[in-house]
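We begin with a single chain expressed as structure tokens, specifically the form predicted alone.
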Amino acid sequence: MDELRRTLSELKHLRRASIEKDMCTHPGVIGGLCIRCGQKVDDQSGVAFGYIHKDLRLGNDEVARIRKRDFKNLLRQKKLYLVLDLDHTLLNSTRLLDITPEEEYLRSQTHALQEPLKGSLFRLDYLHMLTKLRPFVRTFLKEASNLFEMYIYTMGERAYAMEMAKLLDPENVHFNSKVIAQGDCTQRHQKGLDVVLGHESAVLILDDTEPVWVKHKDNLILMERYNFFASSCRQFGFNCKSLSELKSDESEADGALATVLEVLKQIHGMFFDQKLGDNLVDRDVRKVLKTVRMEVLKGCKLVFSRVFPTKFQAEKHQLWKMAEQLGALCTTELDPSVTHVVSTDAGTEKSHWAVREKRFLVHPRWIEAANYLWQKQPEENFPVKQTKSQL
């Protein structure tokens, strides 16, 4: 009798398993096999998450389910998501063969790869390159990890990305293998949040390159590029000596990462403000980011002079858009309410008007500095010179 009961039980179990297989929606696939029922699946729909597990592909419904679950868990911990670019944001790398004679001294100042926490300049012979970590990066990651679940997202190749992650996070406490590289992108030359298991309304992005985030500009905090090496200056068309050639570096206390950390803390605090009630799920960090950014040049009314190409539609220029995002009002005509004339030439009629009417006359870099430093800068630090043709 016991043997019969066992046989019947096994038959019921097999029948139940067979039914479950037939009914399985195949939420995800690894190596062509369903992660739930084990059946072979030929469907290539959904999104690949190879950085989580080799050959892992998740269906759209499963991605949505995971995002919803993780979002609620993260909110309970009072955390948001932070996606971090590598090159020119957290660090700068150069090929050994691109080192200039004025940078040769760096070869003797590198730190041991076995003790990455003790240094900031590393020689990676197997990659034939030098890597310099941005000042304040370790403190930044440590403090940001208390407020955010962090991802690395780079257009570099995976081998390079993993080595950089080891330098930044040798104990694997900040990223926990959440490293997205070029091969994980679903669109060529574009980065997207479709491969990030975070709810878009809770994601902030730090990157020095805006065009790669076409679909997610509202999540983006644009970083000033960290061009430590001469090769980076050349890459971006700067005809000047690099920080390395000048034997200088960004400030730890007042540099880009220290500045943006304070902005991130402010945004985080506003998002979780208890005065707004208990319903965190409906909040959107993109709206908070926009609010904080609009305060930077609030109350400023700008007119541009000799900044845009002739016949160019001013409203579409990057500087015009940047100023408006910072809370400034931009116009094409002078009037008594204008506070600043932004110009590259002190000899124009509008520049003369600014001097005569005792308004601020500033170089376009004044707007860019406000954008990177998240506060209105002293106008006297951005003077406008008269062009040689008019001297």
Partner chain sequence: MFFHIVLERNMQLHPRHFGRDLRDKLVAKLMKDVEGTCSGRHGFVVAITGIEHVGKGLIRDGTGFVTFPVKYQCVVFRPFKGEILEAVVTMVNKMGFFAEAGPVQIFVSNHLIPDDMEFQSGDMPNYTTSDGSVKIQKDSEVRLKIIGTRVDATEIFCIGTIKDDFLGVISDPGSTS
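Numbering follows the first chain given and starts at 1. These numbers come from a predicted model, not from an experiment.
We do not show the form predicted together with its partner chain, though everything after this point is about it.
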| item | value |
| --- | --- |
| The single option of 326, 47, 346, 34 touching its partner chain in the model of the complex, heavy atom within 4.5 Å | 34 |
| Option touching its partner chain, based on a heavy atom within 4.5 Å in the model of the complex, out of 322, 334, 330, 58 | 58 |
| In the model of the complex, segment of 309 to 317, 240 to 248, 169 to 177, 84 to 92 with a heavy atom within 4.5 Å of its partner chain | 169 to 177 |
| Residue 275, heavy atom within 4.5 angstroms of its partner chain in the model of the complex | no |
| Partner proximity in the model of the complex: residue 188 to its partner chain, non-hydrogen atom cutoff 4.5 Å | no |
| Exercise: residue 149 in contact with its partner chain in the model of the complex, heavy atom 4.5 Å | yes |
| Residue contact check: residue 338 to its partner chain in the model of the complex, 4.5 Å heavy atom | no |
| Full three-residue contact with its partner chain in the model of the complex, heavy atom 4.5 Å, for 215, 217 and 222 | no |
| Within 4.5 Å of its partner chain in the model of the complex: residues from 341 to 370 (heavy atom criterion) | none |
